[in-house]
Structures are given as C-alpha cells and as structure tokens.
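Here's a solo chain for you in structure tokens, the form predicted alone.
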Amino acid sequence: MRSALFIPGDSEKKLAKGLDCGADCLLLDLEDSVAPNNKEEARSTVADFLRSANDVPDRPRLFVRINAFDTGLTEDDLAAVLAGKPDGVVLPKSQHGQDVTKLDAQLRVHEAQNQLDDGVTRILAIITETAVGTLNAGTYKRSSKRLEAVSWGAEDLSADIGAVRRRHEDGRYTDLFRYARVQTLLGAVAAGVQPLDTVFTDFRDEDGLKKECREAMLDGFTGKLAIHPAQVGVINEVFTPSAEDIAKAQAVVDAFSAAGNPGVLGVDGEMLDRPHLRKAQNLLVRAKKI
C-alpha cells in the first residue's frame, strides 16, 4: 500500500466518503480519534460499514485500528469488527514482537468464530509510539505471518517521554524522532515487511507533505499514513515508481539475466553489483503490486 488514510470510526459520513478518496487502504479508527464514551458506538458503526463496503467493487483495503492492549478494550474491539471481515487490524502502541504474536493468537480465535479462513486478517503494527516500543523495533522478525507492515508515531511518543517539541523551526524532526523513524525503517526491513512513514499533520501544507514523502521514499519507506483525504493524491504520486524508474530497473534485471547473472557488470557506463540487482527487482515487484 502506498497510502493509508485514518478515518474516525464514529463518523458514518467520513467513512462513506473515504471509499472514493483514492487511498490504497482506509484505517477505520477506534482509538485516538474516538472519545472514550463513544467507543461502543464506533465499534457498531465500523462493523456496519465493513459489512456494506465488502460488496463495493474496487474498494480500498479496509483495516481497523483497535485500542492498545493496555486499555482493556482490545478484545471487545475484535469481537465487534471481525464479523465484518476487515482486511486487517492496526495495532497501536506495540511494545515488541510478542504483542504482534499475541494479536495473531486473538485473531485466530475470532476468525474461527466468524467462519473466516485462518490467517486472512493482516496486521499493521505501529511500533514506536512509546519509549519501550522504540527500543524494541528490531523484535518483529517471525512475530507473525500476518504482519504486513509497520509504521511509527511521533505524537504518542512525544507524550510518552514528555518531549516539548517534535520538529525544528525548519520542519525537520528533532534527533529523538529521527531515531524513532530510523528504528522503524530498520525494524521493518529486518522483519521483511513494508515500512510506512507516519502522518504529516499539517494537511494544508501540500509542499511540506510532498517534501516529506520524497525524503521518506528516498530513505526506503514505500508508503505513508494520511490524516486527511487531500493528502492521498500527493502520497500516491510520490510512492508510485515512475515509468523511467521502472524502465531503468527492468534494464538492470535484463542485463544481469542476459549476462548469466554475474556478480558485477556494466550497464550504460555504470558498474553494478548484486545489491543493485536486488534493488531493481524489488522496485519491479512493488510496481507490479501497485
């Protein structure tokens, strides 16, 4: 997925509009955007939306962000929404790979209760929203075959550690949050799952969003979370490989194949080795999925 848009789970109007916003995935939120006294209504609204949206042709993927384990609300969230057959679940404030393993076991039970195929519900974990989670970002390898992607969050992390600011005056993240971002990227690659960059909160700043998307893409992130439909188009554009990039990657793959897959060879005057081949292959796989 290139773009994953958060939508408050207690807003029928916003949920309905989300289907046409162009996002690859909608994150139906039961957590931060829903007030504590509105959780039950949000569960019901999301469950109804899932049942109706499953019949919509060419719909985006639908994930539900449940409440974190330490809230005591997780089981009720899963019981309410799994009957609607979501494509996946977003686990917030994940502390380590064992949290994903725990969620895997819970999903298996709820899938069985709802006559769903075992393992059909995927997991997106947000892994650096706490100090403990940030330090454990490398623990997700083999945590669950359901784990598809990880992302990070600056807002909850700043609250957890008491940081007064997240960015410098020029918009760059401070070192602490750059560390969390890097931890997420490395943790995702180590686990063999997709790294998604976190949200850009100023949804009116299109230039700032595009710049941050570009930097994330160049660093190795392959998608980004969104908080407003207006951000989706920019995110999709930046994280879609261009025709030129695809052509260059295909030329590299073809050159290695024609030469009998050597360790190194020259392509258009540039010496390339096996890491260049892997990068080209990965880009072509990602382009095909898009």
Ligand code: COA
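Quick caveat, the model's predicted, so the values are computed rather than measured. Residue positions are given as counts along the sequence shown, with the first one as 1.
What comes next is about the form predicted in complex with the named molecule, which is not displayed.
Engineer: Using a 4.5 Å heavy atom cut-off, are Ala68, Lys93 and Phe177 all in contact with the named molecule in the predicted complex?
Structural biologist: Checked in the predicted complex: no contact with the named molecule for any of the three.
Engineer: I need to confirm a contact call. Of Arg165, Arg172, Arg142, Arg204, which residue comes within 4.5 Å of the named molecule in the predicted complex, counting heavy atoms only?
Structural biologist: Spelling it out, the residue with a heavy atom inside the cut-off is Arg204.
Engineer: If you check Ser33, Asn38, Ser52, Thr240 against the named molecule in the predicted complex, which one has a heavy atom within 4.5 Å?
Structural biologist: After the contact test, the surviving option is Ser33.
Engineer: With the cut-off set at 4.5 Å between non-hydrogen atoms, does Lys13 touch the named molecule in the predicted complex?
Structural biologist: Lys13 belongs to the contact set for the named molecule.
Engineer: Evaluate Ile227 for contact with the named molecule in the predicted complex, applying a 4.5 angstroms cut-off between non-hydrogen atoms, and reply yes or no.
Structural biologist: The answer is yes: Ile227 has a heavy atom within 4.5 Å of the named molecule.
Engineer: Although the partner isn't part of this model, could you tell me whether Arg274 comes within 4.5 Å of the named molecule in the predicted complex, counting any heavy atom of the residue?
Structural biologist: Because no heavy atom of Arg274 falls inside 4.5 Å of the named molecule in the predicted complex, the answer is no.
Engineer: Arg278 near the named molecule in the predicted complex, any heavy atom under 4.5 Å?
Structural biologist: Because no heavy atom of Arg278 falls inside 4.5 Å of the named molecule in the predicted complex, the answer is no.
Engineer: Among 25-33, 242-250, 256-264, 44-52, which stretch has residues with heavy atoms no more than 4.5 Å from the named molecule in the predicted complex?
Structural biologist: Selected stretch: 25-33.
Engineer: Is any part of 1-30 within 4.5 angstroms of the named molecule in the predicted complex by a non-hydrogen atom, and which residues would that be?
Structural biologist: Result: Leu5, Phe6, Ile7, Pro8, Lys13, Lys14, Lys17, Gly18, Asp29.
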